[in-house]
Each structure stands twice: as structure tokens, then as C-alpha cells.
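So this one's two forms of a single chain, laid out as C-alpha cells and tagged structure 1 and structure 2.
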Structure 1
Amino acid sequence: MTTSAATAGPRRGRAVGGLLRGMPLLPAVVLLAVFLAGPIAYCVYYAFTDMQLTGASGTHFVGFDNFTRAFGDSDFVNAVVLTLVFVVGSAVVGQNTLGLALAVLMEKAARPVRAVTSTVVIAAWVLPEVVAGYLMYAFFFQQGSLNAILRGLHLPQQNWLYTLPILAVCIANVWRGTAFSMLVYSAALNDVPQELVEAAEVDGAGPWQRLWRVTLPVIRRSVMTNLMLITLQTLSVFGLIYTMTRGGPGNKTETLPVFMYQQAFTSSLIGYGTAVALVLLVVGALFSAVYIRMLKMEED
């Protein structure tokens, strides 16, 4: 009894000490529960109902009907395909590659060149999404800047937002989001040991070989982290596309966020639109799981 009482006292003290140390985190936990976990749980509930903004006398639980309808809907399948094209084209290939290229080139550039390039690239990144969308609309539409340039060069023009809409919004997202990748890779390149680069140069390795065999293996964790972050950001892009094309012409640029908005607020099908949002959340989680798994493989 005496031994038990003697050991129970320090245990209670440690428990109380742990609670006291955790008290400063309580406001943050409450805010996350109210403004993040709460709305997500509410959306999960709505995804299994037939809630509508107008025309319905009440909300009823419908089980998996919204999800069954989605996967049988050709417009939903089209939105999934366009979302994958948009993410791979504008983020994985576009922003990632161009950001790495700019970071590598700026590493050897003169200070004024670095300053001007950084200012121009970052200026596009800090613009609000809707403002960037309007600027790119003014660039691509039939009487826009791009056709004016082509006209001055006596080259054929076209209505880019009608003939190649998904390419236009991909280029717009690359233009707006490349700055993030450039900053990530600029920081990562500073951690590459210069003696490795110099040793490879002495051994006769050219710039491309040094990049492929020395630089990229050293910064591979930064590459994976950057890919994960820009993928998740691009999955949620709505304002840029909606400002430029509203998902059109037809549904040629209707990615999942735009399709979700159209169903929930244009067609007033809140339950169905929320189910689509939940699918988008799962897609983002799958992308995150893949990237995190690849990061762990790098550690092993």
C-alpha cells in the first residue's frame, strides 16, 4: 500500500503537469474544432441527404444515392478527367518544371536580373485569384493581347478560350503559381554542397548532368514536398477558371471545384454538390498519401 501510494503521487503530478502544459493549445484546438472539423462533419452529413436550396419541402437522408449518381454521371466523369489534366499539366509539369528552371537559372544570374525576375514572377503569385483570372482572360480572349501580338507578327489568330480552353487555363495557372515552386527550389539549392557540384564539374559533367546526377538527388525531398503542396493547391483552384471561362465552353474546363459549384449553387442541389466536394476531399487525401509514402521511401 505504501509503495503504491508513493508511486501514484508522482504519476498524478506528471499528469497534472502535462495538462497544464497543454492548456495554451486549448484555444487553437477549440478554433480548429469549431471552424474546421465542425463544417467538415456537417458537409459529410449533407452529402448523404437530398438537401436543396429551393423547391424542396424538407431534407431527407438518401444514403449513397448522391455518390451513385455522381459516378454514373458523364459530366462528373468529365470533371474528374479535366481535373487530372489540369493538375498534371499546370502543377506537376508546368509550375514544378518552370519553377525549378527559374531557380537554377537565377542561381547563376546577376543580382539585378534576379531582382527583376523575382519581382515579376512573385507579382503574379500575390495577385488575388479573380484578378489574375481577369488578366488572363484579357490576354486570351478573341480581341485580347495574345491575338494582338500574333496580328502584329502576321500570324493566324483564334479564340483561345473557345478552341483550346483547358490549355488556356493551364497556362494561366502556371503563370500565377510558378513563384511558389521557384521560391521552394531557390531555398533548396542553397543547401546543395558546392564541393559536390565542383567535383562533378572537375570530372567533366556538363550542366545537365550536374543537375540530374548531383542537384536533384540532394533536393529530392524538397521536390516531393513542393509537388504535394502545389498539387493540393491546384486541386482547389476555382476562381481562376470560373473568371476566365465559367467552366465552358460547354463543360470543357469544368473541373471538380467548378462542377461542384454549378451543382450546389446554380442547380441548387446542395446534397449532390456536397457529395462531389467530399469526393474532391478524398482525391486530395489520396494525392497526399502517395506523396507522403514516397517521402518515407526516400527516408528509408
Structure 2
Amino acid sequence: MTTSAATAGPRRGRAVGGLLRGMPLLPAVVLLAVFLAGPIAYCVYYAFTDMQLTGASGTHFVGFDNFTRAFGDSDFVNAVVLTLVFVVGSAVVGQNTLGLALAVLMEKAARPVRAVTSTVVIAAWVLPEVVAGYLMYAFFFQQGSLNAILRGLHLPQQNWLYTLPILAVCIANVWRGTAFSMLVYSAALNDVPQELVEAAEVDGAGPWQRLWRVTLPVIRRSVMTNLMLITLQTLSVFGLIYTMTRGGPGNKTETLPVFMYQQAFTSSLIGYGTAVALVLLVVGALFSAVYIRMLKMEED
């Protein structure tokens, strides 16, 4: 089928034809090369220099200094640990589990309840990042809604953004991002053959066993894809944390993106900040590569 379109100009030379056919790619390729590939190449280069925002001392090549410095820097180590906590806590455990639970429960719920739940969860997802950050700030603030609710229930209150800031930003990210996992799992559960589930039920499997032994193995590809995608999204979250806490108090919510920003722009150490950015980029690239591998396997 395609060959007839491909050989539309048989008299033209093959190479020229191929070049002409590829022409529509040009604008996209130029944009991507200048604004994405360019900065990534710069990122690799700057990471090995001592560039500063003020440019006072000039820029020198310093080899691996930025990296040795980073791994000896307790603030950097702190940022890595917090990023791990944030990604595992809010994405891998939080969004993923909650999204699956919602999708499973919604399949069994009445139609209006299903509509209400999905609308509410998706509404939090559609809101711009900064607005979500502001709302979550208002929720966890000392005089905020959470403490008001706790007071109404006669439960102990506290200043969440100071006592448990990382938990607050994790919950904020779960609140904002669960819709994605919920949508992925709702679609995946739809593809689970009903006969399989019913057969297991006839054989006497309880709801938990059906979920563990039947449903999850069937949708395992969706689980993997979802985990990859939400990890990538969570890894680069900046606006949500920055609006809620600005990385504080102290550096208790300073994940890698926030740490990178602080180093580059608050401390004016562009070179060092870029080295941190490169670490983030490499981790993201690894996850992205694994994700593509999985898609490729699925295709073959």
C-alpha cells in the first residue's frame, strides 16, 4: 500500500526523492535541534565548567569538580534523598496505588458515583500547577482547611508545612496527579476479559485474589507503563513544591529540581546548577530509555 505513495515520482533520483519527501520534517527538526538538542549539549558542556551567573571570573573548564563537589555536598545528598522520597512516596506508592484502587472501585460503583469521583479527581489534575500548589498550601497551612477539619473532629492539629513538609508536598502531588493513573487503569481494566474474572470467581477466588492473581497479571504492561510515566512526571515537578514551600523550611523539601534552581539562580552558580541538572537529565533519560524498550517489546 505505502510503496505506491512512496514511488510517486519514479523518474526522480532516489536520493533527491527521499530528500524532498523528508522536507516537511525540516521545521520540526530545526526547532528540536535549536531548542532541545542545543541546550542538552550545552548542559553537558556547562556541567564541566565553573560558570557563574555574574560572569565576573570568566568560565573555566574544571573537569569533574562539580560532580565530586556535589557528591561531597550534604545539601546535594539531601536533595537526592528527598527526590527519592518524593518520587517513591507520591508517584510509585501514592498515585499508582490510589489510581488503581479508584479504578477498581469505580468499576463496581453506581454510574452517578463513578461520574462524581472521576470528575473531582480529574478537576484537580486539570488545574494549572501553580493553582494546585496554592490550594495545597491553603489546605496544609496552620490556619488552613485540614486543621479546621481536624479541629472539628477533635483530633490533634499541627503546622503541617513546618513539621511534616515533605509529607505535605507528597500528598499535594498525589492529590494533583492521581487522575492520570486512574485514567490509565480505568482503560486497562476495560480490556480485562470478563470471562477470566468470572471463571476465577466460580472457582472460589475472593476479591483480593481475583485482583492479585487475575487482574494485575493481565494489566501488568499498563502498570509498568504507568509507573514509568508518573515517575518521569514526578521527577521534574518544580512549580508545585516551589509554590507550597520554596524548598523550605530550611531545605526540607528541596528536591533536585528546586536544589538545581537555587544553586543556579539564588547562589549564582550556573556551572554547579547545570551539573545537578545533568544528573537529573541522565536519570530521566534512563527511565525514558527503559520506557521505550518496553514499548518496543510490546510492538514486536
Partner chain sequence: MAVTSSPRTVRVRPAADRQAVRGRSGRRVATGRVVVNGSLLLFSALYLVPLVWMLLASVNAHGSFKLTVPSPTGANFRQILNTDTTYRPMLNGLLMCGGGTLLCVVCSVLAAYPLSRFRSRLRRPFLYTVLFSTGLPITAVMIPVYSMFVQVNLIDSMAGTTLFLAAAALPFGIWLMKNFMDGVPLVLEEAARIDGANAMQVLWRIVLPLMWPGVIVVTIFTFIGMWGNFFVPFILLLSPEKLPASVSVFTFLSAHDQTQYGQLSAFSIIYSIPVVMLYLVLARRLGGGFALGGALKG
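By rigid core we mean the largest C-alpha set that fits within 1.5 Å across both forms. Sequence positions of structure 1, starting at 1, serve as the residue numbers. If you're wondering where the values come from, they're calculated on a predicted model, not measured in any experiment.
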Kindly point out the structure, among the two, that is the form predicted together with its partner chain. 2
When the two forms are laid on each other by their rigid core, does Pro27 show a Cα shift of 2 Å or more between the two structures? yes
Once both forms are fitted on the core, what is the Cα shift for Val290 between the two structures in Å? 5.7
